[in-house]
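One chain is shown next in structure tokens, namely the form predicted alone.
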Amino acid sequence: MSLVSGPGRGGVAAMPVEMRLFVDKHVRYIQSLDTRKDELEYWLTEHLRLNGLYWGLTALHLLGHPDALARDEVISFVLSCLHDNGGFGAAPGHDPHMLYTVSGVQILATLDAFDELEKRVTGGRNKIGQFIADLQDPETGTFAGDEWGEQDTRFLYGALNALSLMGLLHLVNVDKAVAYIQSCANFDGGYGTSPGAESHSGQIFTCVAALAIAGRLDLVDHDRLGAWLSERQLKNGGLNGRPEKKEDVCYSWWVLSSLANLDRLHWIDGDKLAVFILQCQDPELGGIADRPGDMVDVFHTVFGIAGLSLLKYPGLVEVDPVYCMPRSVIKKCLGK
């Protein structure tokens, strides 16, 4: 079982689009993604296969259709990507990496499949935890993505995300990780990929969410960062990643989730953002694009739906702003 993460079959219909979420169309779109192995983009996106499965599965759960994909097939595919060292690859035969490992753990958590993991892989949870822990830099506290050593705050967030879901945060030095995040803080209240790097909405999410997992949101300048994030909204209601850039549906998650974690969600116009997201749908074949008129893909579909969930759009399951998973799953994993 896998999901292509490439474009959908059709472009978004010309505006105006009826202002509602086409739930059934989106469910069918996600279900169709693994049936298109005769298309070039399916094979060009093999390096994103496990991520794509997480995106699609999460979207289905938020849409209220958790059983739209066969659970056993999903679990079998995820475990086929697991290496002996505890890391997950993007697809069977691909090298293990932090980003795919996080998606693998998130999928297993969403499907309540950690017991199944232990049945199929003896000591599987601890193997995964150790793979992640071994990627922490003992000097700086940040994490590499794989054995080749590239470091990025995305990997730090991913490590804390996956380890907390498995109850294994004690395997790493959380205090050093927190200190590294603080070294990435900028004068505008934001965070970058590394110390001195430009503030970016995506990296801000990873740092703020990592601090939330560590219980250290007190270190964030809520008002300064909240103001910077609220300025990401453009006249058409969409959000961008940094100043002078175009709007993009994915920032409906990266920006909005950070504002939610800072209790500043009301600092943007939620109604205008919801309309922008809905305008990016393909009302005929399903899926959501980055902006109106573009091709849809599963990446923007999940983050558009997650953004609408944060905005309390009617009928959607509540999303957790730290993990981008159903809040009910997080409550079960963390015992909250």
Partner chain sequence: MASHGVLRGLGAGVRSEEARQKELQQIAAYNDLVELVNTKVAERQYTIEVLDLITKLLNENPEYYTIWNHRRRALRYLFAAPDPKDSSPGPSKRHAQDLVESDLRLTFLLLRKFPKCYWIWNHRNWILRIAESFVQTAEARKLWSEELQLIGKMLHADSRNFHAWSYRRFVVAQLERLQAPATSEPPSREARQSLTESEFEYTTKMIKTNLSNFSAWHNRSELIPRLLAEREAGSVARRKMLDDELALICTAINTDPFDQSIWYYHQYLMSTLSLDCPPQDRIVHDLSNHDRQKYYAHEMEYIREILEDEEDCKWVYEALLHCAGCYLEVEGGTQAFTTRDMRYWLDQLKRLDPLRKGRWDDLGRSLKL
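Because the structure is a prediction, the values reported are computed rather than measured. Residue numbers count along the first chain shown, from 1.
Note that the form predicted in complex with the partner chain isn't included here; everything after this is about it.
- For the three residues 125, 304 and 320, a heavy atom within 4.5 Å of the partner chain turns up in the predicted bound form in no case.
- The shortest heavy atom separation between residue 137 and the partner chain in the predicted bound form exceeds 4.5 Å.
- Although the partner is absent here, residue 188 sits close enough that one of its heavy atoms falls within 4.5 Å of the partner chain in the predicted bound form.
- Among heavy atoms of residue 77, none comes within 4.5 Å of the partner chain in the predicted bound form.
- Among heavy atoms of residue 116, none comes within 4.5 Å of the partner chain in the predicted bound form.
- Heavy atoms within 4.5 Å of the partner chain in the predicted bound form are found in exactly one of 211 to 219, 174 to 182, 68 to 76, 87 to 95, that being 87 to 95.
- This chain appears without its partner; in the predicted bound form, the one residue of 107, 250, 133, 166 with a heavy atom within 4.5 Å of the partner chain is 250.
- Residues of 124 to 160 that come within 4.5 Å of the partner chain in the predicted bound form, judged by any heavy atom, are 146, 147, 148, 150, 152, 154 in sequence order.
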